[in-house]
Every structure is written in structure tokens, then in C-alpha cells.
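Shown below, as C-alpha cells, is a lone chain in the form predicted on its own; questions about how it binds or moves come after it.
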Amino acid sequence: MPQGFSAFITNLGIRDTTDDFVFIKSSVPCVADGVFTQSLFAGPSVTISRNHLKDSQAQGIVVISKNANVANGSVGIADAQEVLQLVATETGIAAHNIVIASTGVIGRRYPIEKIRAGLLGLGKNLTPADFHAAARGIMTTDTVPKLATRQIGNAKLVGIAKGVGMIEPNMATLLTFFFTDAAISANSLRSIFRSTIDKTFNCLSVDTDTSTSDSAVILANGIAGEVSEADFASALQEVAQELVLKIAKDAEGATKIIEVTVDSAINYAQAKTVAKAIVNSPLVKTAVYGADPNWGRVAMAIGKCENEQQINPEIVVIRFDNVKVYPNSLTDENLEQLRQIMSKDQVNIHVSLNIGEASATVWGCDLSEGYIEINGKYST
């Protein structure tokens, strides 16, 4: 794990028994960056943290699980600010150098009295950061913690994430946090981080719903010294993509990962638009769940992209794995082969638009009865 990080992870009584509060601190100020939800109902955790990261510095991250602290008006803002001040007082870090994130039920206040009591002595109870425990502590309906690591020269990088529902990132990403002891400039970190997020978490969708609390933050404390920027970018891409696949696999009610690649597009934006239309289609998702070889649902999803007038259906090619389904004359044998492909744990759909050279890959999951079961009872 990266050097210089300590943590305080506990249960404050927000959820019944498991940990619901995570604080991770660097021993020195960090170069930092973050991207956040574009939701009009963004909570105080988002608005405060976005402001705190304007100078590209931070030294700690607070995460509260099972309570989003969204839509609580001025009281919610005051509660979030009080949490930060409590942590600041206990640790000696200025409150504006701490990022806060919250996840869970919308419209409920923090149990602020429990939080006040639970944070007493925090500064004396910090221990070397256990990122596995932190990954567990930020979970809500996740069934498994999500963590990935990479070595970059003498430095190390670790990423943790949570989220299995209300996921359609829009220049944000549910909750995900990255920590490294690599030294890197603020400008380089910002450029690499945002490019990575755009090509990984922003290419992930579970249910087309953008959360009010999406936050992605990276802290680099520089203790291990400088590293190759190219190597850093490659490692961050690998960690982020590994976390994305773990989220897609653990998505609410999911039984399969769906990977959609669209190539030969005019530009990346067009390729991503078409790919997202496919991976977000409830009919595609349910067909994958039932291993129904109804490839026409993919053609339908492409056709929904009404603003992409350059697309010519006569030259589009659709494949599942390496099996071409359009244009093609499928036999019963072909359909059985397609059914077997769609029965795999990961279903790969490949579309060639044949009008350009750009490509994009996105990830999602199937849609089962389990999603309804979980979300029909979420707040209770």
C-alpha cells in the first residue's frame, strides 16, 4: 500500500452494525483532484468538496455511508460542515483541506449527535490505513468491497470504489477514491485523472440514473518520489478499469457483465453515444439476462440515436463475440451459438459503424428481478 496514509474506520450508528464512517489522512498535504456529479440535486458533500479542491490540494477524505445527506437544505450543509470541523479539530488539518463524501438514502439528516460522540478521540485512534477495511466501510448495497492496486516504480497506487445502483456517471463516478505516494504535478494529475475517469467510470452504466452524490477523488502525497507520467497514467487506467468491472459484476441484481464496443465511428463522442444507447437499453439488458438471441434489440438501440444522422444502417455490422448477426442470415444453428454466447458471465457486443476511425468501449450489466427486489425496499 502507498506510504504515509492513516485511517479511522468505525460504526457511528448510521447503519446497524457494519462500519459506516471512513476517514483517510495523509501525513503530508497532497496534490489532489476530484470530479463530481452534475446532478441539479447534488448534496452538500459534493458542493463543499468541489470548492475545497479548487486549489488542487487536500490532506484527508471523510466518507459517510448509508446517508447521502441530500435535499436537507441549510441544515444538511451545516451538518456536513460540522463533520468536517469535528475531524479538523481532532486531527489538526484545516477543514478546507478535507474532502467529504456521503452515500445512501436521500432526504435524511445525519444522526449528528451520534457522529459528534463517535468522532471524539479520532486523532488518537488513527492507524496505518487499511484500504480493504475502507473499501468495506464505504459500501451500501454492494455485496463485496472493491479495491485495486498497482506499482509505479517505487510508488504505489490503490483505488477503492462503491456503487452497484443509481449509476450513470456524468463527469463523475458514484464514489471512488485513489491514493498514491507518487509525486506528480497538479496540472499533470488533473489531466491524467480526468482523462482516465472519462474513459472508465464515465463509460459505466447500471441503470441510467445519475446519483446526487457521485464523487471521484485522488490524493498524491509524493512521499515515494517522482514517477514516469506515462507509467502513472497507465497504472491509473488499469486500476480504474478494474474497479469499473468489479462494480458492473456486483451491480444490483446483476448476473452478467455487458461490454459494448463501437468502432469505425466519426468521433469518440459518437461511438460512446451509440455504445451507451445499447448498454442502457432495458430490452438489451433483459435479453442478455435471459440469454435470448434477439440481436434486433441492439439494432433498435442504435436506431434510437436519432441525432447521429451520419449512421447508415446498410453498412453497420453487429457482432456478439465474433459471431456476425447483422447483416447475416441466421440459421437455427447460429441462433443456438448466439444463445450460448449470451449465457456467459460476460457478454461482448461489437458494433462497427463503418463511417470513421474512432471507437469507444462501455460497460454495464443485465437487468433481472433482483434489481426490483433491492430497489423496491431500499429505504426500509
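Remember, it's a predicted structure, so these values are computed and weren't measured experimentally. Numbering starts at 1 and runs along the sequence shown.
Heads up, the form predicted in complex with another copy of the chain isn't pictured, but that's what we're talking about next.
The stretch that touches another copy of the chain in the predicted bound form, counting heavy atoms within 4.5 Å, is 276-284, out of 237-245, 276-284, 187-195, 223-231. Using a 4.5 angstroms threshold between heavy atoms, residue 292 counts as touching another copy of the chain in the predicted bound form.
Mapping the unseen interface onto this chain, residue 129 falls outside it, with no heavy atom inside 4.5 Å of another copy of the chain in the predicted bound form. With a 4.5 Å cutoff on heavy atoms, residue 266 does not count as touching another copy of the chain in the predicted bound form; it lies far away.
Although the partner is absent here, residue 71 sits close enough that one of its heavy atoms falls within 4.5 Å of another copy of the chain in the predicted bound form. Put simply, of 79, 207, 250, 181 only one has a heavy atom within 4.5 Å of another copy of the chain in the predicted bound form, and it is 207. This chain is displayed alone, yet in the predicted bound form one of 122, 133, 147, 106 has a heavy atom within 4.5 Å of another copy of the chain; that residue is 106.
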